[in-house]
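Coming up is one lone chain in structure tokens, specifically the form predicted alone.
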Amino acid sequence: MNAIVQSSALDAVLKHPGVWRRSAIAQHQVRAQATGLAELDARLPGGGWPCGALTEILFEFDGLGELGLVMPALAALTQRGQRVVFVAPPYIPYAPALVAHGLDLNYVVHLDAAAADGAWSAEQCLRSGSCGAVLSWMPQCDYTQLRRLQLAAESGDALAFLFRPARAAAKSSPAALRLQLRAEDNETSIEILKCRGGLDQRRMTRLRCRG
């Protein structure tokens, strides 16, 4: 009987508006840009890509929809007059395809940086505070470089997308969000490997989207 009374009293205390609860606060403080994929948004704190943070997108091979996954967010940013920068992409961004996805090319920049300069270039763009999003491709990078990108994204309050090979999933990373794309039955499976500010059940969740 005492246990029931104590439990009831504790519930009443926790429901008091003056009580600080870490999980509730974390959810409300996360600022995000919608991904355009409702299922994914529902599983991410704030309902989308974390703003002022690094997001890693890992994939097994090119063409799994890794770039299409971020297009709705990029379109929304350029339509608001915010600059989107592609740093050292493996292929030259195809302008008609970007327009078809809703991007305003007046706010799209392509930096053809050498592999050795890609991390530095991306960091400078993020720190500038003049970019809505910076996308970079780094087949090889270490924890220090990733940490610098994360801090730069925080400093410039930008979306930072880093595309890496699937094998990088086994390595630690300071990124706020890590997703892995896999090909499954003519579709693309999205697995949430890491989600800062998210609940445990949000991890290791598989979603399906068309490749």
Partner chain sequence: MLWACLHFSDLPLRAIVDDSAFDDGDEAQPCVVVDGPQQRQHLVYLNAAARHAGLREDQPLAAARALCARLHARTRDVAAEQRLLLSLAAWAYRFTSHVSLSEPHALLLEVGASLHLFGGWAALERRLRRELMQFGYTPTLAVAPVPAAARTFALRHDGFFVDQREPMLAALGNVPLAYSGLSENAITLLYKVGLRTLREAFALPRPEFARRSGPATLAALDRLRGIDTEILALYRPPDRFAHRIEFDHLIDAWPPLLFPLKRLTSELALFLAARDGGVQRCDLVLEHEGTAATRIPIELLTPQREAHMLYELIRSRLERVALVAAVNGIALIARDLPTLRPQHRDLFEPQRAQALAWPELAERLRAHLGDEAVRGLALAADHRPERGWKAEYATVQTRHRVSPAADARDALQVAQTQSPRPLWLLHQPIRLRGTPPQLLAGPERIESGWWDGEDTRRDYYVVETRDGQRAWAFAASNECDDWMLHGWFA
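Please read these numbers as outputs of a predicted model, since none were measured by experiment. Positions refer to the first chain, counted from 1.
From this point on, the text means the form predicted in complex with the partner chain, which you will not see here.
Although the partner is absent from the chain shown here, 65, 111 and 124 each have a heavy atom within 4.5 Å of the partner chain in the predicted complex. Although the partner is absent here, residue 129 lies within 4.5 Å of the partner chain in the predicted complex, judged by heavy atoms. Interface residue remark: residue 141 is not counted as part of the site for the partner chain in the predicted complex, having no heavy atom within 4.5 Å. Contact between residue 75 and the partner chain in the predicted complex is not found at the 4.5 Å heavy atom cutoff. In the predicted complex, the partner chain sits within 4.5 Å of a heavy atom belonging to residue 156.
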